[in-house]
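Next up: just one chain, as structure tokens, the form predicted on its own.
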């Protein structure tokens, strides 16, 4: 199966781009959704996360996401430890999922893609970018966070420029840009490559 990775910083609009591909009949795997599910139900992962945190992150039986965020966002070592537990489980789930798909290609959407080796597991990478101020406004609206909290998350991610350099395609998703024509062009290009791949 020909595999495409879609990545981009928080608030860049990866989900909007993925919806367009979805309308075109391309299956999309959300790493964030899979990661959340794994952290909620996988007993082995739950035990490892508690061990990394040095405390029970599931006091009411469900993951205290706010506490996990507090622990990892200012601690690169802790963030790396959590990612080293969750990301392999997400990739494993993606492998199982893609075997069941029947499409010219599939998409894996992930906020962190180059840092965790995800780019080596796909045939092409698309980076979605948007101006930082627009990204901040989107995330503040969506997640009810302060500007400083959003900036903290942005600082913990690779820059748009660094991601774009390592990508096969870049989609500008600023407020005044139409993404559909860009997605259609990329889709046509990927179809050609996917056909050759088969």
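Numbering follows the first chain given and starts at 1. Being a predicted model, the structure only gives us computed values, none of them experimental.
Only in words, not in the display: the form predicted together with a small molecule, which the text now covers.
Trainee: Looking at the partner-bound form in the predicted bound form, is residue 138 within 4.5 Å of the small molecule by any heavy atom?
Mentor: Yes - in the predicted bound form, heavy atoms of residue 138 and the small molecule come within 4.5 Å of each other.
Trainee: In the predicted bound form, does residue 10 come within 4.5 Å of the small molecule, counting heavy atoms only?
Mentor: Residue-level check for residue 10: yes, a contact with the small molecule.
Trainee: Looking in the predicted bound form, any heavy atom of residue 182 within 4.5 Å of the small molecule?
Mentor: Contact check for residue 182: no, nothing within 4.5 Å of the small molecule in the predicted bound form.
Trainee: How about residue 142 - does it come within 4.5 Å of the small molecule in the predicted bound form, if we only consider non-hydrogen atoms?
Mentor: Contact with the small molecule, yes.
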